[in-house]
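Heads up, the chain below is alone and in the form predicted on its own; it's given as structure tokens.
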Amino acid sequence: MKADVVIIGGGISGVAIAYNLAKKGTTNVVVFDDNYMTGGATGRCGAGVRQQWSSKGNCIMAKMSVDFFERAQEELGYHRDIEFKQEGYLIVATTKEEDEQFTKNVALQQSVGIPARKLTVDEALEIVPHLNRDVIVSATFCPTDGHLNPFTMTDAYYTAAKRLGVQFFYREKVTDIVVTDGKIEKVITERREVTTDKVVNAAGGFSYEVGQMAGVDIPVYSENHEILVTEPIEKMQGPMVISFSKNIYCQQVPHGSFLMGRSNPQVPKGHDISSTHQFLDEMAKTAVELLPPLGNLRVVRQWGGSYNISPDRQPILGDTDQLAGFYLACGFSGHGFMFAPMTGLLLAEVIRGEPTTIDLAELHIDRFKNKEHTAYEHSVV
């Protein structure tokens, strides 16, 4: 079997890259994933889509991705509703330091065309009345942020890519990448060998291991981040509510349940995605402190999912001088789903040798060679 490009990872990033390559005319694209579609991080994510970031690279990636999501159903010719609900993100500051940082963040966001604005406490309560005013100092709000169904969105990319001739092999694990004299020769899976000179690492939580197969060292690691979901109730909250200092994001999804998550500074690095009592306890305490009425809701279930984390909490995109023909789409630090449209476009441009839509210097792996590199993304839960 031969392929012009082999993509390892069939989550949202992998299928977006495959679609964009095929749309541009790369006809022989093959995608492998050892799980079922959305069986990895994509299907376990919080599915929020926001443009409010503290680094310029993430702001631009997010804004252009939202522009695509707004027209995705039509462009991809998808037969179902992708369920993109744009009711905004309300990000609350709970300290003076956060309040000052948010002023800078909004200035940056507005400079690239993101319609975010700074709010007083009273203005924030007009949008989400059940917020606990005693714990917030100020807030920011972007009305075009929102929530998107990860299953239908991934399927929309998948079906569009298949129509363009992309071959997908789910539940087929890649076991080796054969490199000879600094050149990729083939990809070996559990069932076949594929001759190719171009490989894309879109393997999510296993991006580091896929890099090692090819002899490429990628400065990423994975860790478990947990989420819970409550029973559904009548609609009471439109926007996603986030607090970085309180370590929470909380959204009422279209069918009425509240979905919420947080990070755990003590979680070990690795591939464990189990659920813990500690998360349930801490999540409940924080949710009730920030949004008191949620204390009346029953938890239906909880789960874990993998964050593939880079040193500066920004994605690693593009080629690498460690190996010709090896391309990276990893290190999204929990935000690969919302960046997928731009990931797909940019990787297709790089692979095909085209000028990129945006300058990738801030997101290229080479940035870590620069000891003065300081574009750390602080707006992460």
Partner chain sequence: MNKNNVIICRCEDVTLQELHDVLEEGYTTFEDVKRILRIGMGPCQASTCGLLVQQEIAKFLGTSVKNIETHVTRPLTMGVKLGKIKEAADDES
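On a predicted model such as this, the values are computed, not experimentally measured, just so you know. Residue numbers count along the first chain shown, from 1.
Only in words, not in the display: the form predicted in complex with the partner chain, which the text now covers.
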Within 4.5 Å, heavy atoms only, one stretch in 271 to 279, 208 to 216, 122 to 130, 244 to 252 touches the partner chain in the predicted complex. Which? 271 to 279
Identify, from the list W303, F84, F168, Y221, the residue with a heavy atom within 4.5 Å of the partner chain in the predicted complex. W303
Counting any non-hydrogen atom inside 4.5 Å, which residue from D99, D197, D155, E289 sits next to the partner chain in the predicted complex? D155
Contact check in the predicted complex: L164, S310 and R367 versus the partner chain, with a cutoff of 4.5 Å between any heavy atoms. Do all three pass? no
Is M342 part of the interface with the partner chain in the predicted complex - any heavy atom within 4.5 Å? no
Report whether the minimum heavy atom distance between T38 and the partner chain in the predicted complex is within 4.5 Å. yes
Can you tell me whether V299 touches the partner chain? I mean in the predicted complex, with a 4.5 angstroms heavy atom cut-off. yes
Does the partner chain come within 4.5 Å of any heavy atom of N264 in the predicted complex? no
Within 4.5 Å of the partner chain in the predicted complex, counting any non-hydrogen atom, which residues from 72 to 106 show up? H79, R80
